[in-house]
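Structure 1 and structure 2, given next as structure tokens, are two forms of the same protein chain, each shown alone.
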Structure 1
């Protein structure tokens, strides 16, 4: 009597194992940063949470600064993907700038963003972290500009670049106040004011819908 054929699970390639280990480390880093802050997110705690050895962590991320910087980039790549999905579900006849602005505000309000803000504050007195985050920050700005160019071309123009920077800075400030003091009462008014600024900048009735929405 022959035994039934048994199915075998394909073995993962070395590249797949490497990617899996890195992703676990980055996800664990973000979780530890959210729970414990930068000072409390030790590499030993991150390694334990990721079920990764110290040697594996050192191989991919030789320093804590390199690890947290990579985790920030990993976080924002995920946010960008979720933003794209959400924007694809906005009704064709909706005010896309209004929808996009509020979706962006929601991403700034995520707990992970609080951890990111804390990292940038810590970088003030940590030269290694500051240098790592400088490169990551440049990549993030490029990511934001790509999305602005795709969804709201007028905001990506050279003459409107300051306005785009102002929007990001405003949303970061609102998020920081919310994280520290739990204050969100004025957020809608601020977002309405940003919309008004856009309409004034492009100076035409209904310009938010026609020019900014693309």
Structure 2
């Protein structure tokens, strides 16, 4: 752009280089987290995977905590975006509650959630990381709640208060087992069951509410 390409190097601008290196480092951090766990995600591995030098990483993230913190934000940003997009793509004619539940289950099942799991468990014994996660996870939770209220307004009623938390807990628990042992055979069965239970509870004639669907 600013000068003729005298060499094979594309001659990127500073902002481009900066952005590229940072993103590579953050993505590499998450990949290592998923692949090797929190303890196994050493700075050397991350730098190597990101094709960045020790100095480069240090230039942007002076400490490992800073790197991981930034990666957390990066991760939740991606999860929120994907979740948001998936929710808005739910077919309006189909059983929306069912579709929404499956979509949520899918986001909990994707590999990126393994990184969330690693970070949560690591945060249990790391105050600094915990505070970082508390804030970021609260934001994500609020997004989920907003979307849920928007798509399934009846879930916001007090009779169903705690239902969203219960669903998240269940999906989180299912994800834990599947991540460790790769057991997915019971997953659909369990999903069908809780779906059935929710519909029975909140659609029953004698119940306080008519329908969980929006």
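Note that this is a predicted model, so its numbers are computed, not measured. Numbering follows the first chain given and starts at 1. Between two forms, the rigid core is defined as the largest C-alpha subset superposing within 1.5 Å.
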Completion exercise
Only one structure is the form predicted alone, namely structure 1
Problem - Flag for residue 124, CA shift 2 Å or larger between structures 1 and 2 after aligning core - result: no
Exercise for the section: Note yes or no: does the Cα of residue 102 move by 2 Å or more between structures 1 and 2 after the core is superposed? Expected result: no
Practice task
Taking the rigid core as the superposition reference, indicate whether the CA of residue 84 shifts 2 angstroms or more between structures 1 and 2.
Solution key: yes
Fill in the blank from the handout: Using a rigid core superposition, the C-alpha offset of residue 65 between structures 1 and 2 in Å is 3.9
